[in-house]
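As a starting point, one isolated chain is supplied in structure tokens, in the form predicted on its own.
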Amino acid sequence: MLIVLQPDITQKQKNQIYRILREGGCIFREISEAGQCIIGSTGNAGRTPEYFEALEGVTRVVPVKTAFKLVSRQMHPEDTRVQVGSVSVGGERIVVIAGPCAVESREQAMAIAGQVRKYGAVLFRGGAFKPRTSPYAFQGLGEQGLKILAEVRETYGMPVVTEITTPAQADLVMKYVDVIQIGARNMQNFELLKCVGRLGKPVLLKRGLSATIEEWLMSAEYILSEGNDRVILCERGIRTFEPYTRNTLDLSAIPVIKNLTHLPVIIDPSHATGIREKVSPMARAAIAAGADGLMIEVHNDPDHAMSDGAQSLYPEQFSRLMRDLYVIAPVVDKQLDFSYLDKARAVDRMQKAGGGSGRRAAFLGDPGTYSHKACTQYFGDQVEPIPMSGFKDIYEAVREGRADFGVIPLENSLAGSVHENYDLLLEYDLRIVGELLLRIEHNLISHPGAGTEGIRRVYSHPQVFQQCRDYIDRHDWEWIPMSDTARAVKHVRDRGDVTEGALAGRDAARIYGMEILEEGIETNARNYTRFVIISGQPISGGEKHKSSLIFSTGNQPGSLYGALKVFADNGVNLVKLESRPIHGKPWEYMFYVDLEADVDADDFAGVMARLAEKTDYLKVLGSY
């Protein structure tokens, strides 16, 4: 049941409720939803709902009707994010777990780990204990395999995942691994579920071969009932009559699970299809359907793998898949971050150097703006977002050390470049250390229960009105500009007028307790904004694939051609070239260039030297 508390409840009154639940053997937790304080309980302590409603400080009691109570979204409205080291499963960044079906040798595991790490995997999978259909098949290396997994983590900084098949292995997996996997064959091994629930480590729970969704969630309930809520659900295909694939991947389970439970869900297309050529298409489909991540089997010599070689991708195939996912992710409001682990490690080093103090990132506007969303998608929970009222304020905060990073929009696919920020990049001695592409989806937002037929006045940023021109032309409403989208939603909320609305993102509606009346109202669905991250120092030690420069040339024929020819002669691809007037020098221009290369790399020094000869002014904005 859910016990909804009064806003002015005292701690004494709350403690009385806790005492009754505790004495009745209930499992309970305090949760928050839309500003309300709620106690969720798995039992009623032998009392009726009316009894609890009569207690001081209680507004009402709502029964939880599902059998899986702790797992239910009723008990926990907000999405759970399972933290595994520096990786957050269930957030806005897609988590990819990759590696061989089984750890076969140290050389094999280390080679594959290096490759999947390079291509963007953030967790490494590998079986040390292998439950097999045949008792004569390879059963895993046991503790030797666990030691190899621990070495992978130490060498590549990747948390490791492996399967446990019996409670007798509990001490070993606690010693060596970061995530404990419960395989499909053990989904209803209830003693094993209780065991991992007591261990407290993150658990990856696979769906059984023929399990219903409710049976799967009840297995998760076993783990949570033992006090461990760090559970990741994994759909890996169910057994059907279809012979053309190993199993049938139930992609419809993703939206169903997302509606029923707060736990994150990932997809294992390798076991679902059992055929190498089918893995990538189903992985792409899983992300499009809303999965929080993937578990992919990768092997450098699958023809000689000791288990499941036929479904294992070659490293090159895995690389191509990751590039595809990078493109798909922003469409479904997520990101695939190739520098996830490097960035997390760098921010952690900065925290240690700062005496343990948290890092901060400045963004434009109030919480709930698209800049705020870009900040949380890029950094996750590792930094504290700091709102700023203007772009120059962000640059000043980073330069003065009041913020470690700044999140800056540089260009929009429909509205073009944000020229003020290009000019500020020239003015300030700060570097671009990362970038992020964010899909911009606008929604009509108003008070809960309001309808579009009653709207008379709408607030938003002027650029949003431009991007929603077709929608605006269909309504005879008053359109009032505001400094940012989140402030518009907050303004409507505070005024309390149901005839008013705002155009903003989904996050703004959630943060300010408002309701989306119409979604996706922008004129062009291909509406993306490119954000860059600025800092006084680099944050990623990983590979850099892109750089940004500013240069100017002499005012004579062929000078720009001479500079650009340096790139052409060296096979460097330019992805952006834009001119901006030089302040104080009429009809003279700076050129802003984005190119696919790391200009700070030693082997690029000759190109930069040649470019310097062809330009009057040259500044590197950053490599990332």
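All figures in this text were calculated on a predicted structure; none of them were measured in a lab. Residue numbers here begin at 1 and follow the sequence given.
In what follows, reference is made to the form predicted in complex with phosphoenolpyruvate (PEP), a form of this protein that is not presented.
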{"property": "Option from 178-186, 337-345, 144-152, 298-306 whose residues, in the predicted bound form, bring a heavy atom within 4.5 Å of phosphoenolpyruvate (PEP)", "result": "178-186"}
{"property": "Phosphoenolpyruvate (PEP) contact in the predicted bound form: residue 206, any heavy atom under 4.5 Å", "result": "yes"}
{"property": "Contact test in the predicted bound form: residue 163 vs phosphoenolpyruvate (PEP), heavy atoms, 4.5 Å", "result": "yes"}
{"property": "Interface membership of residue 509, phosphoenolpyruvate (PEP) in the predicted bound form, 4.5 Å heavy atom rule", "result": "no"}
{"property": "Residue 372, heavy atom within 4.5 angstroms of phosphoenolpyruvate (PEP) in the predicted bound form", "result": "no"}
{"property": "Whether 364, 461 and 487 all lie within 4.5 angstroms of phosphoenolpyruvate (PEP) in the predicted bound form by heavy atom", "result": "no"}
{"property": "Contact assignment for phosphoenolpyruvate (PEP) in the predicted bound form, among 442, 230, 93, 236, heavy atom within 4.5 Å", "result": "236"}
{"property": "Contact assignment for phosphoenolpyruvate (PEP) in the predicted bound form, among 286, 224, 101, 113, heavy atom within 4.5 Å", "result": "101"}
